[in-house]
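Here's a solo chain for you in structure tokens, the form predicted on its own.
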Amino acid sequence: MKKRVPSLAVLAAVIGLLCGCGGPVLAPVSIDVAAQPAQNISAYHLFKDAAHQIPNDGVLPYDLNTPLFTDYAAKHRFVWMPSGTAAQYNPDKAFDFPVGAVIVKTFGYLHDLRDPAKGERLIETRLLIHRQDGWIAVPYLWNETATEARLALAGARVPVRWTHNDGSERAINHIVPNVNQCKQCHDSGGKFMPLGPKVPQLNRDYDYGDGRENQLVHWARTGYLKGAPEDLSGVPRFAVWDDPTSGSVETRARAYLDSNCAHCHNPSGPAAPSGMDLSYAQTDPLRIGVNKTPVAAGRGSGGFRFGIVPGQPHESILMYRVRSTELGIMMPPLGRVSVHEEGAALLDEWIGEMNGE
């Protein structure tokens, strides 16, 4: 009788069981920066379990101290870099990433904001891929079971529902931006650049499953960051906007403005002609908008005279635009269709505490 030889698939399964893996080993991350974007996100092998956003080996999760608001969406952030490469530490702006680096951000909506254990619905994953000629943005739209996400270069509008913190039911259309809209926020001096991965945002602890560690330390220890100082005592750190123990009302409000507004309102950003600089590092009250008249008055001013009126948030153009959802008035102009009530309340408190003298 002819002896049967086990198939490669059977051998892989046996090896997986023997090593305690429970199944075949997942293929490593595969990113060809010279190729056209894949039609399915699964082609990149970024996740071991996409539905639960469990990353593949070498795909590093991270979080920010004060993130950008996107209609109460939950966000999962990751970074991957080719073997032997690392980002270059920069204390003043987003890190310099090597060619081939991929920044991953997934948007989902918790079924109930009061109880994350009830799960979430994944909507989209945006990839920033660093090619030889610069960064490109590639959006992917998840199916109902979060088993696959398809390329969505034209963007999309996705109806979503959730139970809010106050127990009310909320429903909006989540906007998946098209590739040109991505450029509007990521433009810096005419170049497409990442926004979130910078020192004051990453300078915080993260639970990696086997213990908590400062993210800057972890990135350096795993070879994903070079040039970082060993002593982090003097390294800047943003306050957490909704955590009063992390900083004052002012430092939390300024961190919030940096995350939500400064990607445009900075000297190199698309809103530079406005003369308003909402970067955390800006210390000139006039440049921040205090008692500053708008460069181009119009319906965006709401009939108010100054960007920020000390002690009077409801007479400030900044707050009029933050609380608006009308196109041409609301700020930021992309990325949301609802008002961030809690963020607006923080800014109200900050302006209300200002001395008008």
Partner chain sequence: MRVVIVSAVALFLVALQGCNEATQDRADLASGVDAASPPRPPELAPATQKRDGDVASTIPPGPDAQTRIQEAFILAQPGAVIQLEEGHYELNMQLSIDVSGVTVRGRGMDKTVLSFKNQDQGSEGIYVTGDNVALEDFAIEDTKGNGHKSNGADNHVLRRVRAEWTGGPKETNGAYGMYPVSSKNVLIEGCVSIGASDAGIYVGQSENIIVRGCRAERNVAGIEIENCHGADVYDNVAAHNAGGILVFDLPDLPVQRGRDVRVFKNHVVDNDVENFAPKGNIVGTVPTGTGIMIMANSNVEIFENEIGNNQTTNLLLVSYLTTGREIKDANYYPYAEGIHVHHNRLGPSGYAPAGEGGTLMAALAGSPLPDIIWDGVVNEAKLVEGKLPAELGLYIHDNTKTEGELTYANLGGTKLLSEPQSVTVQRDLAVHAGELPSLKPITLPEIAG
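Numbering follows the first chain given and starts at 1. These numbers were taken from a predicted model, which means no experiment stands behind them.
Quick note: we don't show the form predicted together with its partner chain, though the next part is all about it.
- Considering its partner chain in the model of the complex, the lone stretch of 49-57, 66-74, 302-310, 27-35 in range is 302-310 [heavy atom distance within 4.5 Å].
- Contact check for Gly84: every heavy atom lies farther than 4.5 Å from its partner chain in the model of the complex.
- A residue is said to contact a partner when one of its heavy atoms sits within 4.5 Å of a partner heavy atom; Lys292 meets this definition for its partner chain in the model of the complex.
- Of the heavy atoms in Gly343, none are within 4.5 Å of its partner chain in the model of the complex.
- Taking the partner from elsewhere, Gly108 is found to have every heavy atom lying beyond 4.5 Å of its partner chain in the model of the complex.
- The candidate spot formed by Asn178, Ala296 and Pro333 is fully in contact with its partner chain in the model of the complex: every one of the three has a heavy atom within 4.5 Å.
- Contact with its partner chain in the model of the complex, defined as a heavy atom within 4.5 Å, holds for exactly one of Ser268, Thr283, Asn173, Thr147, namely Asn173.
- With the partner omitted here, the residue from Asn214, Ser274, Ser246, Ser279 that has a non-hydrogen atom within 4.5 angstroms of its partner chain in the model of the complex is Ser274.
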